[in-house]
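Consider the single chain below, provided in structure tokens and representing the form predicted alone.
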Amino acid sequence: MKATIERATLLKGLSHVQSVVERRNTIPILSNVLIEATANGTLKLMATDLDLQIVESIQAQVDTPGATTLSAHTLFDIARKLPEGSQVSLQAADGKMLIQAGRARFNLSTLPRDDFPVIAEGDLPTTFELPAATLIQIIDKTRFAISTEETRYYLNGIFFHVSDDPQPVLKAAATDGHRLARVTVPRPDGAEKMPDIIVPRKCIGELRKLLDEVDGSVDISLSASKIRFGLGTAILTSKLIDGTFPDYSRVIPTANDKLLKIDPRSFEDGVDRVATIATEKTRAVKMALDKDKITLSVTSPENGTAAEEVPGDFAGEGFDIGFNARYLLDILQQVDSDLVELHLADAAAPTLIRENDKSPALYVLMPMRV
């Protein structure tokens, strides 16, 4: 194999694929990136961790087609340190790859491409397109609520499903048992018979990075066990989480009759300020609700107390409720409008948080004892 490629093009392609590769691998070939040079002037870069696979196609001058694999992180570090604007020559033969750019030469060990595992996609019967901006909105407004608890593996991703209430919609939800985030968007054409799927956290992270460089739409193909995203020059394929996502609709309150309307920025700043003295043991922020204000307070046995009043419009009998400060801030950071609604029932019931009843995103937060 012999090919020449511009450093910036190589670096960009490698930056997309190398992040899939785990730093520690018991199987040596999984530390490698597969490089395949084709006669039509394309260099294909591929990396996998057996659950997630990414293929990036970049333009190159190919003198001799061929394929080999070598350490992904080493190649990425080399490309990063090569002189800007240089042409990089890649030549592979006899278990080695010679990399030349300017006066720099590297001779790296390779492993044969035949040993490189490829995820068998099988049949992907459901196919549809989603605008990249919609997919970014879905991920950004839900992924903070993905559980990191490995024992509840079925919560370690975003749950996608379609429903007909009253219009056909696609819903995406994530929860860790303490908070829930859900985004509802119009159902795309082709998604009617889509199975319920859970897309793993790592796939969501890699997908989000790639979406920043996509204009237009993303091609999505899926079955009950695999999903593939077509993102311009990159194709991301992932296994789905094999588990049943809980019926989250049961925890979304519908009868919370006490409504608090508040400016999300002043609310967020107030919570952030009083939470400065909170410790691991006292993560709770107490909210004392009055007609035209809320008093936020934190009491920490080690540090003392903090309090701040924030103006707000509250309808109902005043009462006190406590929330985990970090969880509350995570939700408030997703709110883009100048007003946020908190639908409350009492100090022990879940609270519904949303911008308004037309907003695509809604959040549910469980209270804490204070």
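Source: prediction; values computed, not measured. Just count from 1 along the sequence shown to find any residue number.
Missing here is the form predicted together with another copy of the chain; even so, the following discussion is about that form.
This chain lacks the partner; the member of Glu192, Asp77, Asp219, Asp115 within 4.5 angstroms of another copy of the chain in the predicted complex by a non-hydrogen atom is Asp77. Thr276 is the sole member of Thr276, Thr254, Gln167, Thr148 with a non-hydrogen atom lying within 4.5 angstroms of another copy of the chain in the predicted complex.
In the predicted complex, another copy of the chain lies farther than 4.5 Å from every heavy atom of Asn40. Ile235 falls outside the set of residues with a heavy atom inside 4.5 Å of another copy of the chain in the predicted complex.
Proximity of Ile27 to another copy of the chain in the predicted complex: non-hydrogen atoms within 4.5 Å are absent; the residue sits far from the partner. Contact between Ser225 and another copy of the chain in the predicted complex is not found at the 4.5 Å heavy atom cutoff. Partner contact region in the predicted complex: 69 to 77, out of 235 to 243, 122 to 130, 69 to 77, 205 to 213, criterion any non-hydrogen atom within 4.5 Å of another copy of the chain. Contact residues in stretch 99 to 116 (any heavy atom within 4.5 Å of another copy of the chain, taken in the predicted complex) are Arg103, Ala104, Arg105, Phe106, Asn107, Leu108, Ser109.
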